[in-house]
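Presented below, as structure tokens, is a lone chain in the form predicted alone.
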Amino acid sequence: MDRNVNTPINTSTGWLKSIAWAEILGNYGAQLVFLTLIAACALSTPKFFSLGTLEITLLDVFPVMLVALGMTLVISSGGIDISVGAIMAISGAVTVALYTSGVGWVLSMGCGIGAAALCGLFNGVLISIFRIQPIIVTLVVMIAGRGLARRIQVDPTTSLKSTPFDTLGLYRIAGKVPVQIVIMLAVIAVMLFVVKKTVFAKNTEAIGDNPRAARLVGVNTLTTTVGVYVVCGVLCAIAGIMTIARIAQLNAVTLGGFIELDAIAAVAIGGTPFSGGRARILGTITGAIIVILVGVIVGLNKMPDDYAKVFKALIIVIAMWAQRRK
């Protein structure tokens, strides 16, 4: 008699525990992984918490962070953008080509950002007007864009030493803080404001949640979708231009190589659902840092770089499993 009475209670308790763990993994999984990696880095090297190591890590995070933030908006709209690396290369190639031809460096940068915005416009128009799947559209831009960037760049190893770009890449605010870190913090602040306070972000999430319902309630799906891909393109341009400024060199073949995978990984780890409908900016920030920390741990332990890709893939699988459980 007692066994029959207690059995459903035990079953219910086990179910509740399962739900609780799913909630923990879904809401705090990225933070748990982040703390684990921080502990692993601290154990791997006694100087991990030094200012020098922190600065290098943040500089490495910079391009992935910017691209991942743009990718977060795209994914929250129900789309995907695998052309971000190629857009970085196009922006960098246009910027350097104009500068080496005699155009001022500020105007060259503006044109490079404009070229990236046009790529985003192209993506958004094909997706919203012609209803082509985002993965197909951005795959086309990824392939064609990389080839276009290589054609724009005449010299495959253009050096920018002793130029305004070199100065920009090494510039420090108040002589202490690298300009890349300040730009990254500014972009994060803007993206947090956009997602939390603007109608644009709410419309983006509405499209990702249910495009038909969004149209029925008056959301302009065309301008919103195009705007999302343009914003992503602009962030790619900033990441690309500042990357070539930091290394004082442009190679259109390698600039932004595989960054789309790191950006998607950061978004997945951060908990933004790939079905759309929600943008988790703080999660993406944590995810981007995790992606870089994985590489740091691999490097500190003198392991081949290929292991970093394996570990990132494993983390993505765990993150997606946690989302499904939630």
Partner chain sequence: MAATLGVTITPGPGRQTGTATKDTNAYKKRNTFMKKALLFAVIIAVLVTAGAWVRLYADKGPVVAYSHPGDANSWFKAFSTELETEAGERGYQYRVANAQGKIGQQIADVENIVADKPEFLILGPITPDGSAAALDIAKEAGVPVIVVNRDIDGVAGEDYITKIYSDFDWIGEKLAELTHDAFPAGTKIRIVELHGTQGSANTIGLSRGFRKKMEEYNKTEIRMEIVVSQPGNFNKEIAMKAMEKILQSKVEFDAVFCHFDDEALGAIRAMQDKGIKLGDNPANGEIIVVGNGGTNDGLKAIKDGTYYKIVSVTPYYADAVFDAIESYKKNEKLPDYIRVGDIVIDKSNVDEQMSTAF
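Think of the rigid core as the biggest set of C-alphas that the two forms share within 1.5 Å after superposition. Just so it is clear, the structure is predicted and the values come from calculations on it, not from any experiment. Numbering follows the first chain given and starts at 1.
Not pictured, yet referred to below: the form predicted together with its partner chain.
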Report the stretch among 153-161, 191-199, 225-233, 137-145 that approaches its partner chain in the predicted complex to within 4.5 Å, counting heavy atoms only.
153-161
Examine Thr53 and determine whether its closest non-hydrogen atom to its partner chain in the predicted complex is within 4.5 angstroms.
yes
Under a 4.5 Å heavy atom criterion, is Thr100 part of the interface with its partner chain in the predicted complex?
no
Answer yes if any heavy atom of Ile281 is within 4.5 Å of a heavy atom of its partner chain in the predicted complex; otherwise answer no.
no
Any chance Ala265 has a heavy atom within 4.5 Å of its partner chain in the predicted complex?
no
So which of Ile75, Ala237, Val94, Ala245 reaches within 4.5 angstroms of its partner chain in the predicted complex, heavy atom to heavy atom?
Ala245
One residue of Ala206, Met184, Ile80, Met109 in contact with its partner chain, assessed in the predicted complex (non-hydrogen atom, 4.5 angstroms)
Ala206
Across 89-106, which residues bring a heavy atom to within 4.5 Å of its partner chain in the predicted complex?
none
Superposing on the rigid core, I want to see if Asn301 changes position between the shown form and the other one - specifically a Cα shift of 2 Å or more.
yes
